[in-house]
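As structure tokens, one chain now follows by itself in the form predicted on its own.
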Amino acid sequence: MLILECPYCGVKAEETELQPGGEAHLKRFGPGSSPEDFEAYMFARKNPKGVHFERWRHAYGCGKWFLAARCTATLEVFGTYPAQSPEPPADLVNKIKAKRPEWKGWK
């Protein structure tokens, strides 16, 4: 079971209290974009074995969206941070690199 800490209200919640929102840090394409860009945005997702960045909503708490870094193979949670962040915080990236030296980065 995943336990994620909401960066807004500070509650450590089990995944049953949360709502998953898919991959984090996507570049969104909408009206006016090429069909290829829109198709890639809608359907192409990374599905790595290892470190992954995801969106989560504290559904049975404060209701806010946040981002989490976790390992899809071990379910280890590296940390969470506000959804408005354009990229993962440097301290979180350093924490992941310390635990997973082979990790190539978040982009």
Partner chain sequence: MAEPVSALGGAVFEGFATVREIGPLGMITLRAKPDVPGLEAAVRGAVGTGLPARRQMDWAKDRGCGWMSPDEYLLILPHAEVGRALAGIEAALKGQHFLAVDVSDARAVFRIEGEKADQVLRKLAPADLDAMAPGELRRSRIAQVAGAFWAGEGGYTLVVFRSVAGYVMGVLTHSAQPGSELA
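Residue numbers count along the first chain shown, from 1. Nothing here was measured: the structure is a model prediction, and the numbers come from that model.
Omitted here: the form predicted together with its partner chain. The next part is about that form.
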| property | result |
| --- | --- |
| Contact flag, residue 41 vs its partner chain in the model of the complex, heavy atom cut 4.5 Å | no |
| Its partner chain contact in the model of the complex: residue 16, any heavy atom under 4.5 Å | yes |
| Partner proximity in the model of the complex: residue 55 to its partner chain, non-hydrogen atom cutoff 4.5 Å | no |
| Distance check, residue 62 to its partner chain in the model of the complex, heavy atom within 4.5 Å | yes |
| Heavy atom within 4.5 Å of its partner chain in the model of the complex - qualifying residues of 4 to 24 | 7, 8, 9, 10, 11, 12, 14, 16, 17 |
